[in-house]
Ligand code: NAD
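Below sits a lone chain in structure tokens, taken as the form predicted alone.
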């Protein structure tokens, strides 16, 4: 693998710059604990500079005044530049984040697709004419919010940054990204791609800083017009308080405790494979992971055995060796996951497999399946963000729905059945923003993504996301 750049700077106003404080943050490989690189540690001063650059970009109207076809070409050129750097990006992502090389390459491809998808919309957005009778002309315009502050999590940093950045630029907004302090490096390639494509300076700014410093400064900044956040409920609530003080519109995605309902007629082999991927891919560090499985009592034991068999067939090791079971992001996260597992055992659940860290160097957690789980247990209620599956039995469909809907979250849900009518009936009653039927993680860049209840509001991805990045202006004229 090629050597990774040892020091990464902030990107502000079209330039790569050190932090004002000259401080740096070390980034480590969770598979080995070894330092990968250092990144400029941004603080409030750097955030001020980034927001000021974005405000100048908005004032220039460079993207807003650009012909739609030119903005379309710009986004497509960014996509091509990203795809052309896949061999550079994937090793960096694997080193800083732990995921395997195949997942990293898939993330780069998905990142490029976001720019292509919203490029396809950039020349099709328009207002409308509203008839008001003789002597009047009335029409609407779609206009940008202005400066969009985007707080990106560490699990899929490049892809999640792109899914907000692409429609924001498509709507002619300027963006300041606060990259995650645990895995900020791959996001820098967005700036490299934007530079190559000729994005006007100031429209993309990237800073890496701690949440309590750079994050607080950005989300509370008076120059910010719009906030996009992906992360925990606790952090999201803090951001919303700040947003409320200035009535800043926000798009919030705050995690989940997603449940799949398995009916007795489900294809158990296919369900076992899907359920295993749903919770063990990327070590369970996926906001829409299938962390709860509610299984008809008649097939409960059989399905648990099949999932365990699938999990035992996965190999574990560093992502650079392309293993499926890769490390969690940090020692702190590993300790948190182990703590949840201990609480499950203490509450009476049984770990069919796993339940503890793997006996090897690095931040590796054994794939874990708990049975004997009741809905009141912490492992059934709280987001663990690790490879831990809680399995619960049910007898009647209404009971399954009550369990599935019985948490504060509502991001994703799933249904496994051969009966199409039952699938529709169940999906219609699940309290979730996304429902998968017979394949967890079905869908793609084209489908809307977001939650209900404390999982957040607003939608990313798909056509619906574009509405988050433009607002309607009405112009009424008396002739």
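Worth saying up front: this structure is predicted, and the values here are computed from it rather than measured. Numbering follows the first chain given and starts at 1.
Not on display, but discussed next: the form predicted in complex with nicotinamide-adenine-dinucleotide.
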property: 311, 262, 365, 287 - the one with a heavy atom within 4.5 Å of nicotinamide-adenine-dinucleotide in the model of the complex; result: 287
property: Contacting member of 193, 328, 391, 239, with respect to nicotinamide-adenine-dinucleotide in the model of the complex [4.5 Å, heavy atom]; result: 239
property: Contact of residue 151 with nicotinamide-adenine-dinucleotide in the model of the complex (heavy atom, 4.5 Å); result: yes
property: Partner proximity in the model of the complex: residue 146 to nicotinamide-adenine-dinucleotide, non-hydrogen atom cutoff 4.5 Å; result: no
property: Any non-hydrogen atom of residue 178 within 4.5 angstroms of nicotinamide-adenine-dinucleotide in the model of the complex; result: yes
property: Partner proximity in the model of the complex: residue 165 to nicotinamide-adenine-dinucleotide, non-hydrogen atom cutoff 4.5 Å; result: no
property: Option from 215-223, 340-348, 367-375, 116-124 whose residues, in the model of the complex, bring a heavy atom within 4.5 Å of nicotinamide-adenine-dinucleotide; result: 215-223
property: Members of 221-243 lying within 4.5 angstroms of nicotinamide-adenine-dinucleotide, judged by heavy atom, in the model of the complex; result: 229, 230, 231, 232, 235, 238, 239
